[in-house]
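Read the single chain below, which is given as structure tokens and is the form predicted on its own.
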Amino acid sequence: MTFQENLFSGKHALVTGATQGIGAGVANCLASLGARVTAVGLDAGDGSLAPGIRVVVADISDEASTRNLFEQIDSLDILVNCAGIIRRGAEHRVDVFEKVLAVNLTGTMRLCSASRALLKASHGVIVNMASMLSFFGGARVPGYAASKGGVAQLTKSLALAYAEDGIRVNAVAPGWIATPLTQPLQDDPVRSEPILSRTPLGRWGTPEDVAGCVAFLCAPAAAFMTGVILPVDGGYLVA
């Protein structure tokens, strides 16, 4: 990793969906660069987090739970919205569709809104989690695709709205990343082979691949970047 040691020393980062997968990778990366990290999840996670990272159990799709979370936070420099769910096939049911949007899209907006005053005080940064499905559809995941398309547009809209507060708002759009969320696809050769054959770099990505790009967007090197949706996909989008 090519970053200055203690790049985020003295900074407080809040990462949602951070007790496994991409979120845990992001939390660990920011902590390794000196940030004080609060990791938010529905449970304490699977042991993926580095020592010293504070874990808070909260449901970002619930207003009261989010309010309680922010009552415990007095300063903030970085917000990374990684919380997300997918319900393949079942998302054609309206109740499941609504639940997916409640977490992936409305939850992201809820955290952005709740953190705005703190980030204004620090001239901080937000990084949202978009997806390849921000750019094209998914027959089995209409809720997930709609939510991630919404996250991309939300990111652009908040970049405009929050610029007056000195807050940058960007997103990363991961490709096919090896996480618990994609484990069923990794385990199925019929579904995994087309993914790998279309990915020019020829492999599944890792949470660390995404985390490095998140760190870049949070760093001074990206100080003139806002409203960006950055693909991290091994070339999948252009193949």
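In case it trips you up, residue 1 is the first one in the sequence shown, and so on. What you see is a predicted model, and the numbers here were worked out from it, not measured in a lab.
Below: the form predicted together with ligand NAD, not depicted.
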*Which residue among Ala31, Leu196, Val55, Leu42 has a heavy atom within 4.5 angstroms of ligand NAD in the predicted bound form?*
Leu42
*For the chain shown here without its partner, which stretch in 163 to 171, 114 to 122, 89 to 97, 75 to 83 has non-hydrogen atoms within 4.5 angstroms of ligand NAD in the predicted bound form?*
75 to 83
*Quick one: does Asp209 come within 4.5 Å of ligand NAD in the predicted bound form, counting heavy atoms only?*
no
*Taking 4.5 angstroms as the cut-off for heavy atoms, does Trp176 touch ligand NAD in the predicted bound form?*
yes
*asked:* Since only the chain is shown here, I'm wondering whether Thr226 would be in contact with ligand NAD in the predicted bound form (any heavy atom pair within 4.5 Å).
replied: no
*Does the 4.5 Å heavy atom contact test between Ile60 and ligand NAD in the predicted bound form come out positive?*
yes
*asked:* Pick out the residues of 10 to 25 whose heavy atoms come within 4.5 Å of ligand NAD in the predicted bound form.
replied: Gly17, Ala18, Thr19, Gln20, Gly21, Ile22, Gly23
